[in-house]
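Quick setup: one chain, the form predicted alone, written in structure tokens, and binding and motion questions come after.
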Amino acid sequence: MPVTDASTQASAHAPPAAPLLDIRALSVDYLSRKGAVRAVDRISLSVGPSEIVGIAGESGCGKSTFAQAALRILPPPAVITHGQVIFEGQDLLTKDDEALRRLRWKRVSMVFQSALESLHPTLTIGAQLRDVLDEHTQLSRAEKDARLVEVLRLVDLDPGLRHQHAHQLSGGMRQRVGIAQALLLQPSLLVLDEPTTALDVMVEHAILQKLLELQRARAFSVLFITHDLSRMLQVSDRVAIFYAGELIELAPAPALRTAPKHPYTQALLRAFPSLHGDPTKLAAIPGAPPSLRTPPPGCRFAPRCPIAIDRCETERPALVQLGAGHSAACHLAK
């Protein structure tokens, strides 16, 4: 059962001249007694108004670190060492804690991978949702209750569930609560950090379909993080591929699906099953990503790449434009 392809709904795949979110050369280090480890290495990425941008890659490639650093919610020992995060014309990296508190949930919100861990274990669902309204609005109690009912119905949940606790709900229900909480104040940007991981395929489909319906109806932007490239291509307008802390390919979803330029992206596509394809044609990517403590001096994918040449071992490839909205960091990409 395919999810409706968001890319077919968009009138253009390239980001607009004035993106809603413009992340510029962002770097993040994790500090330890053995020294700093660069988890995100000068990555630039934008999200336009009403656009869905996906980030895909293997576990540990920097997807979640990148998004959480951009929202300034990444705890120590992570440190942002370089870059700008321009959201609605303002650099979030220069904002103080109070300014960020006013912005979160109201202008930008996030749905985390595990709703059970992000929801309070002793508060009812309604109490947790009301906390957001208490913090950011001047609504009356009756108006807040009406808003809770409205947003729960919006994600296809019985409003009566607001009197229950997180542990009383199924995994799919908890994820819907997380989405409801993120949409309470109608933010302009929604960040989804692997929101359907560990859910069965039918529940995953239903939740993603609901998110797409809401996104089209309310025209908010989405930064969608997942390791599942096949699912990403179904729902995104543009897709960014991360590898070992770097952005190695960025393209409109249809172009990435039919003509990927980077050998790593090509290998990822071969590793995921198609809904209508032959499962015997799947191929694992040999080897493992490099240690970020001591990354290779050249292309970080070179030790696993079947077409690597000598230059790949010593010279780090730059991200270069290869077509309309399509760029890749590969010496051999055309």
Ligand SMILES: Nc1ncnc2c1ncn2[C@@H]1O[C@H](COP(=O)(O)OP(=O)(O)O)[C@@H](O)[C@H]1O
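Quick note: we count residues from 1 along the sequence shown, nothing fancier. Note that the structure is a prediction, hence the values are computed from the model and not measured.
FYI, the form predicted in complex with the ligand isn't displayed, but the following is about it.
Colleague: In the predicted complex, is there a heavy atom of the ligand that lies within 4.5 Å of any heavy atom of residue 27, even though the partner is absent here?
Modeller: Contact check for residue 27: no, nothing within 4.5 Å of the ligand in the predicted complex.
Colleague: Since only the chain is shown here, I'm wondering whether residue 294 would be in contact with the ligand in the predicted complex (any heavy atom pair within 4.5 Å).
Modeller: Although the ligand is absent here, residue 294 would stay clear of it in the predicted complex, with no heavy atoms inside 4.5 Å.
Colleague: Can you work out whether residue 266 and the ligand are in contact in the predicted complex, taking contact to mean some heavy atom pair no more than 4.5 Å apart?
Modeller: Taking the distances in the predicted complex, the answer for residue 266 is no, it never comes within 4.5 Å of the ligand.
Colleague: Within a 4.5 Å heavy atom cut-off, is residue 77 in contact with the ligand in the predicted complex?
Modeller: Residue 77: contacts the ligand in the predicted complex.
Colleague: Here the chain is shown alone; which of 60, 298, 49, 303 has a heavy atom within 4.5 Å of the ligand in the predicted complex?
Modeller: It is 60 that has a heavy atom within 4.5 Å of the partner.
Colleague: Taking heavy atoms and a 4.5 Å limit, what residues of 226 to 254 are near the ligand in the predicted complex?
Modeller: None of them.
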